[in-house]
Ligand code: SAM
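To begin, one chain is listed below as C-alpha cells, in the form predicted alone.
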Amino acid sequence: MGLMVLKLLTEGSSQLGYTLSPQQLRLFELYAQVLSYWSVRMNLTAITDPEEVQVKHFLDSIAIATVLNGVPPESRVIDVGTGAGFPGVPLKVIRPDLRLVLLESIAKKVTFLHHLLAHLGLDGVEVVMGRAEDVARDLAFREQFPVVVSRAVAPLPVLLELTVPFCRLGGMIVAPKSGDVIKEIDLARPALEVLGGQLKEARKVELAGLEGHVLVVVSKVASTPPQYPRRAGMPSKRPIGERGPGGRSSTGVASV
C-alpha cells in the first residue's frame, strides 16, 4: 500500500484524536499487505480495496479507542469473534499498553491471526480458538475483562449474550453498529436486563466513510446468571426476549 498512500488512515485517525507515529503507520501498512495476501488464499474479508481497508477496517476499529480513554494501561481486552483481527489488532496498535485476547472459532482465521501477529511483532496478545458460548464458561475468561469488544458478529440481542459474560463488574462492552441502531438497542433491552448490562451510550462516529456508524457502549452492572450464555447456537437461534411458541420469551418468562 505504501506509507504515502495511507492518507485516509492518517487524516481519519487525526480527526478521532490520534496522531499515528511512523512505527504505527508501518504496522498498519504491514497489516494491509498481509490481509490482502491472505484474502486471496481464503475468504477472510470482502473488503480488500486499499482505501476501503483504511476506512472500513482500520478507522472503524480505531474509533472504539475514543471510548477507552479512561481505561488504564495493562488492562485486559477481549475481542469476541475477531475474524481477521478487527477491531482488536488496530486497537492494540493504537493502545500498545493494553493486553489483548483475540477469540475466534474458525481454524483458518486462527492460523491467519498467528501469522499476522508474528509479522507485526506485537507483544501482549493471546489468540484463543473456541466459540464464545463455550469459552465464556471457562473461569479463566468469565467476567475477567474490563473491556469487551466485538464487531460485525451478530445483531445486538445475540451479541450481548456472547459478550456480556466475559465482562467483569464495572467494565464495558463496546460494539460498533450501523443501520437501524435504535431498533437494535430496543430489541436488546430484555437481553441487557437478563445479562446484567446497562446501556451507557450510543456514540455517533463522526468520520467520512463511516456515516451512520454508532458505538454502542454497555456497562456491566450485575453479574451474569450462570445459565448464560446458553449452549452453542442457541443465542442466535432464539435471542433473549424473542417470542417463542405460546407467547413465551426465550428467557422462559411470558412475553407481554
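For every residue, the number given is its place in the sequence shown, counted from 1. Given the structure is predicted, the values throughout are model-derived calculations rather than measurements.
Beyond the structure shown, there is the form predicted in complex with ligand SAM, which is absent from this document and is the topic of what follows.
- Proximity of Glu104 to ligand SAM in the predicted complex: non-hydrogen atoms within 4.5 Å are present.
- Although the partner is absent here, Pro157 lies well away from ligand SAM in the predicted complex, with no heavy atom inside 4.5 Å.
- In the predicted complex, at least one heavy atom of Gly83 sits within 4.5 Å of ligand SAM.
- Not displayed here, ligand SAM is kept clear of Leu169 by more than 4.5 Å at the level of heavy atoms in the predicted complex.
- Checking Ala175, Ile78, Val89, Ala132 against ligand SAM in the predicted complex, a heavy atom within 4.5 Å turns up for just one residue: Ala132.
- Residues placing heavy atoms within 4.5 Å of ligand SAM in the predicted complex fall in a single listed stretch, namely 149-157, out of 116-124, 149-157, 179-187, 70-78.
- Contacts between stretch 49-68 and ligand SAM, counted in the predicted complex as any heavy atom lying within 4.5 Å, involve His57 alone.
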